[in-house]
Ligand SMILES: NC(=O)c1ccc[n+]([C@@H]2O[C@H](COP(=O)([O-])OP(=O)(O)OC[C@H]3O[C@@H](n4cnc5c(N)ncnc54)[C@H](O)[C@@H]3O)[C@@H](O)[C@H]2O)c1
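Only one chain comes next, encoded as structure tokens, the form predicted alone.
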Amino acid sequence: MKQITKYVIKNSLKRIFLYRACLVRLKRMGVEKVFSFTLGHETGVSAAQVRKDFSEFGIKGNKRGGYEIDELLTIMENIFHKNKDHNIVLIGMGNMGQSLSKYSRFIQRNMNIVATFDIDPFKQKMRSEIQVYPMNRLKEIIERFRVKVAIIAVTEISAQEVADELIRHGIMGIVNFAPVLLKVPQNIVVNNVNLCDELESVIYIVHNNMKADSFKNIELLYKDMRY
């Protein structure tokens, strides 16, 4: 049975990404050990939250001696299966799709976009490092490269149809950049990424903070006038 997809990444997993980035930075600075307090301070959470997150992912450390950074990074690589190559297909070669296909950090993290797809014949003829295929080659490519994860960067009207076809051919996880919530079976993992929503969230918070600061200034001015 299909259902509307929800944002599936847990907060604890998102914090693990932050901890890893912090650890990489500390290692470059020559630091060998780190305490939960330091990681919490650098990522904006409490030391207790760091330890709780680590416990959830089976990460153990010495409370007094701290954590070995190299050991932590190795464990985190195993969590994200970074020691394996992950083949990915990308559907939609508009502006967003072309930008994603050229993103070098994917390769650095063992994520390989092995093929891209688009219904536009002109785009299929484009010279590119990654071949652009017609959609009728989707099943063949997924099976050849044993792909389990796909990126959707198509228009809103096409996204559901594309998702259905990907799932039919064995895709188990989708990163969806189309501005629509996909309906998929319960066992399919979907992460909806809407850049406009993210930007509007920041705009909303900025304006609310400005409003709060304005009210605070008015209150201070009123107090000064009273005295």
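Remember, it's a predicted structure, so these values are computed and weren't measured experimentally. Residue numbers run from 1 along the displayed sequence.
There is another form of the same protein, the form predicted together with the ligand; it is not shown, and what comes next is about it.
Looking at the ligand in the model of the complex, residues 93, 103 and 135 each place a heavy atom within 4.5 Å of it. Put simply, of 166, 182, 178, 50 only one has a heavy atom within 4.5 Å of the ligand in the model of the complex, and it is 178. Among the residues 158, 55, 46, 201, the one placing a heavy atom within 4.5 Å of the ligand in the model of the complex is 158.
Contact annotation for residue 99: at least one heavy atom lies within 4.5 Å of the ligand in the model of the complex. In the model of the complex, the ligand lies farther than 4.5 Å from every heavy atom of residue 86. Interface membership of residue 189, defined by any non-hydrogen atom within 4.5 Å of the ligand in the model of the complex, is ruled out.
Residue contact check for residue 107: none of its heavy atoms lie within 4.5 Å of the ligand in the model of the complex.
Residues are counted as partner-facing when one of their heavy atoms sits within 4.5 Å of the ligand in the model of the complex; in 11-39 not one qualifies.
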